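The data below hold one chain only, encoded as structure tokens and taken in the form predicted alone.
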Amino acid sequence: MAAVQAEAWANPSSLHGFGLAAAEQLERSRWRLGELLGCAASQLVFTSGGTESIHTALLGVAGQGSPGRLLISAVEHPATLAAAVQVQRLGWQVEILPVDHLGVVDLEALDRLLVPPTRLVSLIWGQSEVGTIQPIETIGARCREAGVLLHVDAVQVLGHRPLAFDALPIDLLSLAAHKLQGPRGVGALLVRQGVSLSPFIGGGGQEAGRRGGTEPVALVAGLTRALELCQARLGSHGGQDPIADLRDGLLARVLELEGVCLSGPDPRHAADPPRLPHHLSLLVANPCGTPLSGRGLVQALWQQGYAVSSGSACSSGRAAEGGLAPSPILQAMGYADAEAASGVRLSLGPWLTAADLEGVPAALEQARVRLQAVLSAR
């Protein structure tokens, strides 16, 4: 990125030599990304990240033709929920597909709704809170048969499994650089050839008229390099993300703790749906079985030097009795409010080693004891 910024710093739409150098660099990155993602370079629309990519897809389709019906799942990212609200304002119907206790979309409900006026389905491929990977190939085939467009939020999946866009029954796919060690502030929307979109952001006609605004050449170069490194890591391990082994070892150890259980698919169970390889989501209770606050555990773990997340981080305005904030995702999966507020998410990066994770179970136990002591003192 530093080299690109030094050599191709200009506006890639400018016609002078500096601008032409930036335009050439941008198109080299676009071509390379198309090669890595299994699509033509012309199918890439650069955006500011996953949120904008999702809005570009949903509102871009909604702006074409008469209003129809959009199907989303009950476990979507807040960006998709926000875009769906805007789609509703354009006169569209929005229907929520239920999920089971592991977070998998109800395919029978999907089949019932893949009829007019349904024109678009938007699903998160790898659920960011509980790690569930949806059966996108199966869902995509059913959408194709029904003549319905499918948009996929692949922000969590990209970099953890090989992806060949043109070989998948997907029409639109959103991605972001920062989930694969790339820079914040850049992402992309992949668009199947023949799918037309109304621009979500107008302006100077950049990105073949699909997204206005000067392209961030250095950020796009960073996205490209990050994906190259991820693909190389996958390629050297037979297409599998090697971090799954670290995750599985950590999972076995934390589940030995009293009051700690897994939410979402269990990677040890062959009958369960697949799970994001870098992802753990836990529900934590005290020795008496009373759920503890996931947010409180996040704070207590940070005091020991571990940066983790609460599964309810995106529902900060929702407070249940006792100050708990239940996760809408866990509620949609059938968990009661108290349990749905006890979620903790551990996301592993490729820079970590087994030694780095050695102290996590003890730290989690100490955090639980500390939180329980605070609650008992009230």
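Numbers follow the displayed sequence, beginning with 1. Since this is a predicted model, take the numbers as computed values, not measurements.
We do not show the form predicted in complex with a small molecule, though everything after this point is about it.
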query: The small molecule: the contacting residue among G49, G68, P328, G60 in the model of the complex [heavy atom, 4.5 Å]; finding: G49
query: In the model of the complex, the residue from T132, Q156, S281, S73 that sits within 4.5 Å of the small molecule by heavy atoms; finding: Q156
query: Candidate stretches 84-92, 172-180, 289-297, 191-199 - the one whose heavy atoms come within 4.5 Å of the small molecule in the model of the complex; finding: 172-180
query: Non-hydrogen atom within 4.5 Å of the small molecule in the model of the complex for each of H77, I124 and S128; finding: yes
query: 4.5 Å heavy atom contact, I54 to the small molecule in the model of the complex; finding: yes
